[in-house]
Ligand SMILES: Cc1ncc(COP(=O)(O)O)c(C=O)c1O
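Below you'll find only one chain, the form predicted alone, shown as structure tokens.
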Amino acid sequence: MLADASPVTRLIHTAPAPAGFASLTQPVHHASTVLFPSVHDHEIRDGFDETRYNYGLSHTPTTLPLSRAVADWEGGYNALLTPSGLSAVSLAMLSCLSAGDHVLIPSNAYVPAKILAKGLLSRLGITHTLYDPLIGADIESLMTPATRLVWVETPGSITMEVADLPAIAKVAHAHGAQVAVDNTWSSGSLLRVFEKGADLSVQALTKYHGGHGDLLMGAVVTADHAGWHRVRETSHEIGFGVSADDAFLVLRGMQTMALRLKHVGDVALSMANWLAARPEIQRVLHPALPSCPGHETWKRDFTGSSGLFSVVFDPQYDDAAIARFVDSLQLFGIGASWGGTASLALVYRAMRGKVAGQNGEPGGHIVRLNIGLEAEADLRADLLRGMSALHGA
């Protein structure tokens, strides 16, 4: 029929891929409309049935393998993809909370998560309380009859406190509350949150999964089918979807994630130890070092470390000196996020003095470092350049 059709019609009704073709890459299926072979098949469609395709927003042959790969990497039941890491935070919270509920959030949580609690959740009639991330089993004192969710971020993505997830989860479950963990720092592999009692895990796939700093995506991974069904229902109601091209890029990035994570973890730890010996640095906040709050918990619960850590400068260095340090860096870019190929540095001026020195003395400025894939010797040389600028040289 197409042979006799006009060129305009043939452009719309393209031929399927030829039989006998195969490659090593995941095909990219762009779709909003999904076609059905019959009226009956259309009428029995079900967005929760992953054995059938329903609509581009539900899943496609490109996004479905990604959601399953993300869940498999983390040891979860299944995953829901979202347009960004922050949208994954929102989806997890909105899936667990309703008007009149209460959520506990650590004080070191990702700042937009706390803004979400103060803003949207508050407008929906949901209250929240901030807690000390090192509280452990003492979180019992903050539980209320309305507490439905305990949020955990471990380690904190700036000050790096490592939470006692098993202790927190035990208390939360005893009160009938769910436990959701922002597990982005570990990429989902260095901390097996579902083995430690979590019900949900949130990932910013933007970071180690994507791995190249060129896309935005998030995921909510669930421990079981009931949790997945609840999160998927909320995702459908909100209308979250992801780009097929970005899904392809994350799938490709995940193929090298284990190698990248091992490399940046090794280099970051080496550089953290090197920086700890520098006179300009008052304290290194890296979970694998004893100077980091919760280090003993990290040793017990984690299998390794990633490429993100922070340093606390000696308080003698003022705003201008810290700005000179960061501005003089040539390999470390100034920007948010982490997990890409390029190293990054970010100063948190508002947090000056928030973290004390190792002996309890007043702390200085915090600078967070993301270690990329550059040669370690070059990164050390770049930081030495910054140290020279710090002293006004």
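Please read these numbers as outputs of a predicted model, since none were measured by experiment. One-based numbering along the sequence shown.
Not on display, but discussed next: the form predicted together with the ligand.
Asker: Please determine whether each residue of 98, 178 and 199 possesses a non-hydrogen atom within 4.5 angstroms of the ligand in the predicted complex.
Answerer: No residue of the spot touches the ligand in the predicted complex.
Asker: Within 4.5 Å, heavy atoms only, one stretch in 211-219, 260-268, 134-142, 318-326 touches the ligand in the predicted complex. Which?
Answerer: That would be stretch 211-219.
Asker: May I ask you to choose, among 293, 253, 106, 85, the residue with a heavy atom within 4.5 Å of the ligand in the predicted complex?
Answerer: Checked against the cut-off, the match is 85.
Asker: Would you kindly say which of 206, 90, 235, 305 lies with a heavy atom within 4.5 Å of the ligand in the predicted complex?
Answerer: Going through each option in turn, the one that passes is 206.
Asker: Taking any heavy atom pair closer than or equal to 4.5 Å as contact, tell me whether residue 184 reaches the ligand in the predicted complex.
Answerer: Yes, contact at 4.5 Å.
Asker: Can any non-hydrogen atom of residue 228 be found within 4.5 angstroms of the ligand in the predicted complex?
Answerer: No, residue 228 is distant from the partner.
Asker: Contact with the ligand in the predicted complex for residue 338, defined as at least one heavy atom pair within 4.5 Å: yes or no?
Answerer: Result yes; residue 338 sits at the interface with the ligand in the predicted complex.
Asker: Evaluate residue 248 for contact with the ligand in the predicted complex, applying a 4.5 angstroms cut-off between non-hydrogen atoms, and reply yes or no.
Answerer: Contact check for residue 248: no, nothing within 4.5 Å of the ligand in the predicted complex.
Asker: Hey, which residues along 141-175 are within 4.5 angstroms of the ligand in the predicted complex, non-hydrogen atoms only?
Answerer: Stretch hits, in order: 153, 157.
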